[in-house]
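Form predicted on its own, single chain, as structure tokens, below.
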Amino acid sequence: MVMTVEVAVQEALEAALKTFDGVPAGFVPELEKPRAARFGDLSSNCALKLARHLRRPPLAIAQALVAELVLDPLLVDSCEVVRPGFINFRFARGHLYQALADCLDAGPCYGRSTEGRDRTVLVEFVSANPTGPLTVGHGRNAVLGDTIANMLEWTGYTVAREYYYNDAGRQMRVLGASVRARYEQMLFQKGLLPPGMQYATKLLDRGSGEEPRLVPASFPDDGYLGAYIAEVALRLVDKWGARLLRTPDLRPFIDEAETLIFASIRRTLKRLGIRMDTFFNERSLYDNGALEEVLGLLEESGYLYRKEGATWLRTSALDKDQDTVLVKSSGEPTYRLPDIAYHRDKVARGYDACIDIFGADHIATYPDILRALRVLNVDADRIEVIIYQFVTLTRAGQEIKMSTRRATFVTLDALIQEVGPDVTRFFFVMRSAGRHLEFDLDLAKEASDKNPVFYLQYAHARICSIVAKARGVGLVTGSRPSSLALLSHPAELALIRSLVRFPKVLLKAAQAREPHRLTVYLRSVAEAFSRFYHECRIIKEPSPIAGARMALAIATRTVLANGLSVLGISAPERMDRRDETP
């Protein structure tokens, strides 16, 4: 495997550095892929990093280091020093052929590793309260979380996916009041209001460019206006008639809304191939006394005090400019208190790591949770927070304003309906989570090489077509040829070099929690295959070289299929485009 040669080079560098005086204790030379193929397969900048410690020019350090290196010629063909002090290594061809053979032998398992063996990870993502359908913003959260979970599973971790939600509190009361108001409206429209009961309306004007709306007089000013509210109300009318008007309790309205909305959320996630292992209800933290226990422990620690009827966490003593309210003067907890209790519960469950996927609006608030956990002597280092930036939809170069009133792709379902689940998933992870994502709907729907999803899937389908045609002329494709050393064309070697990087790329992407690294890599594989495809014939060549090239094509198919699988994207065997003659 590729990791073998990297380990060998790493050990050789470390051994050579022991002959130098002044190298800092614990210094580890780093290896990375050079930016250009002409610089080889691996590169180290350790000479540049050691220059200030050794008080010598980086170029002189690199040259002296290379003179001390002992490298296995079966793994490394050559190494050279490049200004201002990089050391570049080029793999031996025998190693490349063996790595290609490993890919062919592993097949669907190629890329899997045991890095995370015996380690457990809880990934919490989506976590939208059941107050409405999932939005485009929730979509980026969902795909990021699920893809990170996939990458961790491929690298040996035992992963659990969790959805945290709250079906109590103010948001849910507003939801229930919104449904009740629409329920009354439905009864009025159907002539089912009890005798003597009046039905009144009001004009709701929220500003922000929205047109005023005529709503039931009982509709809350900050109520939910989506069409799904009317759907819930209609079900209640069909189920109960006017009987729910006899009670002021909002619970029947909340429960019906939660049931229907969660069913919708589950359907949407299923369309994206996302499954949750557990759903954790915030309300359970109220019911089992976890909030009171957290408050008691924080008070014992001396970091809790009361002021003007509210309960405060003394975060000003914990590297924050000001203190933080945990319980309002009304007696209602802010979201931070149940979040502290929830994360305390997660760590107590024994996971080696707990990963949270949060939107950018949490960037200034989640540190409060970690501060409180440290006060509680909870191992907050087990918690990782990934912050993603928001999504902008564009068409014809123009931003589409997110508006419930205009119903322009506010829901994730609408986006999936427009571009399909594969494109939706790919586009949500093709940029770093820390970057704002511009989701180009025109590009997403284009069936050409400009569309990155189409480009990868078509490369896979093209190889499937080649395999089928090869079988049709009797070319054996089910086993590796006896010698891959026939693959010596520059395009063949470049493709091999690209393919054998897959295990490392996947491992690094999993370690960094950065799925976009995999999307960039798969594009490079497809590009390398395209060059190989146009420069190296397969079927019409003599049998030995045709067999070797066929094996290379199959290995490429394996890497594309495995990489797309990690991303949760299909690898079709046929697509609506005419294949060229291989």
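From 1 onward, residues are counted along the sequence shown. If you're wondering where the values come from, they're calculated on a predicted model, not measured in any experiment. The term rigid core refers to the maximal set of C-alpha atoms that superpose within 1.5 Å between the two forms.
Just so you know, the form predicted in complex with the RNA exists too; it's not on screen, but the next bit is about it.
The closest non-hydrogen atom of Leu48 lies within 4.5 Å of the RNA in the predicted bound form. Interface residue remark: Glu438 is counted as part of the site for the RNA in the predicted bound form, having a heavy atom within 4.5 Å.
Within 4.5 Å of some heavy atom of the RNA in the predicted bound form lies at least one heavy atom of Ile466. Although the partner is absent here, Arg431 is a contact residue: one of its heavy atoms lies within 4.5 angstroms of the RNA in the predicted bound form. Think of it this way: in the predicted bound form, the RNA has a heavy atom of just one of Tyr351, Phe188, Tyr303, Phe86 within 4.5 Å, and the residue is Phe86. Proximity to the RNA in the predicted bound form, taken as a non-hydrogen atom within 4.5 angstroms, holds for one residue of Ser113, Thr315, Thr120, Asn129, which is Asn129. Only one listed stretch (248-256, 230-238, 488-496, 386-394) carries heavy atoms within 4.5 Å of the RNA in the predicted bound form, and that stretch is 386-394. Shown here without the RNA, the chain has Ala360, Asp361, Ile363, Ala364, Thr365 in 340-365 lying with a heavy atom within 4.5 Å of that partner in the predicted bound form. Positional change of Lys49 between this form and the one not shown reaches 2 Å or more at the C-alpha, relative to the superposed core.
Shown in the overlay between this form and the one not shown, fitted on the rigid core, is a CA shift at Ile61 of 2 Å or greater.
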